[in-house]
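In the block that follows, a single chain appears as structure tokens, in the form predicted alone.
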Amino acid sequence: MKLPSGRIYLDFNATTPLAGPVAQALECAQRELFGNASSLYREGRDSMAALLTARERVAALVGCEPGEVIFTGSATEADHLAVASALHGAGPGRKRVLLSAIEHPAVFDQWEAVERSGFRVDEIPVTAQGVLDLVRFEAQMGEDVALVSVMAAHNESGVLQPLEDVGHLCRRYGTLFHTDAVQALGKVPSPWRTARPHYLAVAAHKLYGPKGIGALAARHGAPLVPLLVGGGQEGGRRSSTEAVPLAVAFGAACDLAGEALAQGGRLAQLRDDMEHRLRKDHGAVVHGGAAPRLPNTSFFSLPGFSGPALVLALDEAGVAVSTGSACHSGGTSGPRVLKAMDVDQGLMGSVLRVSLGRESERQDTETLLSLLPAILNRLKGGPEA
């Protein structure tokens, strides 16, 4: 995507710009829907009606019922609400939690708190391609497992996880199942009806919507214990004055996301062509390249080069890419997902993530590819072309 500044933006997995119709919906709602949705007078009723419509739109993209959608301040909050609710509702004898080794920090970093509350947490390993190891997972499962959390698509590698198999095994053991679908929703079909998770988290800002709002889809009958109390909003499931304009914009973004799902093939072709050139011309190693992936995501190493140095050099040249998730801590040890995939340590420091968006065009990836030779030559200490 070429920004008005002329820069090329290739980090859509980090966040997306507001889509035009979403910005218009947000501006209109901020101006006209100022009433408190809990108030009984007309302004309040108008806000509540808009909130209900927004809930229906989010539910349509997820594939759930509107009453199963709980608006939150972020997907991180949604993940925390899901985990806390599942553990609070765990039956007698269920004292284990299984998390995939590649979970987002919003889930993975709850590990210590979960163990302090009396549960044992175990990692589910992944294969060298970053896919959940189903054989190992089945061996770990049992009737003492309270919760399984497996993200739908990894935010760095883009690798899709076998959620239908996970859901089937969870149902066999009567185990609650949570998935963080933040990166997947809007890029691939929702797993709500196929994998049948009890909890699914989503964020508006990954869908060309605003920051500051997310949602948890909580299946009817799944335990739900509010983290925030004191007002009874969201059907008593999340107290706080409803952010109606943000919800309206979220709903508009979900409408557009549903329409844009058909673009996956075009983006996958752009990505594959770019990766072919990167391998051929620069010896790139694509991580998870043999696994099912999000159509927009490429996660690769350029051996012998520093990933952060490449990001800064490309930034100076007017192209925005990343070394991985903005939610992971920096450092030279490499992304945790690569450690879980048992990637050679020498490749971890040279990793880049390129993630395409709906407006991305071939010229964007061509610009990146055309800049690389001179940048790599300069970083090697040679003369620039």
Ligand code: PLP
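Everything quoted here is computed from the prediction, not taken from an experiment. So that there is no doubt, residue numbering starts at 1 and follows the sequence shown.
What comes next is about the form predicted together with ligand PLP, which does not appear here.
Contact label in the predicted bound form: Thr76 to ligand PLP, heavy atom within 4.5 Å: Residue-level check for Thr76: yes, a contact with ligand PLP.
Contact flag, Met151 vs ligand PLP in the predicted bound form, heavy atom cut 4.5 Å: Although ligand PLP is absent here, Met151 would touch it in the predicted bound form, with heavy atoms inside 4.5 Å.
Closest heavy atom of Ser298 to ligand PLP in the predicted bound form, within 4.5 Å or not? Although ligand PLP is absent here, Ser298 would stay clear of it in the predicted bound form, with no heavy atoms inside 4.5 Å.
Ser100 near ligand PLP in the predicted bound form, any heavy atom under 4.5 Å? No.
Would you mind picking the one in His104, His198, Arg293, Arg271 that has a heavy atom within 4.5 Å of ligand PLP in the predicted bound form? Contact residue from the list: His104.
If you check Val145, Ala86, Ala203, Leu278 against ligand PLP in the predicted bound form, which one has a heavy atom within 4.5 Å? Result of the distance check: Ala203.
Answer range among 300-308, 245-253, 177-185, 117-125 for contact with ligand PLP, defined in the predicted bound form as heavy atoms within 4.5 Å: This holds for exactly one stretch, 177-185.
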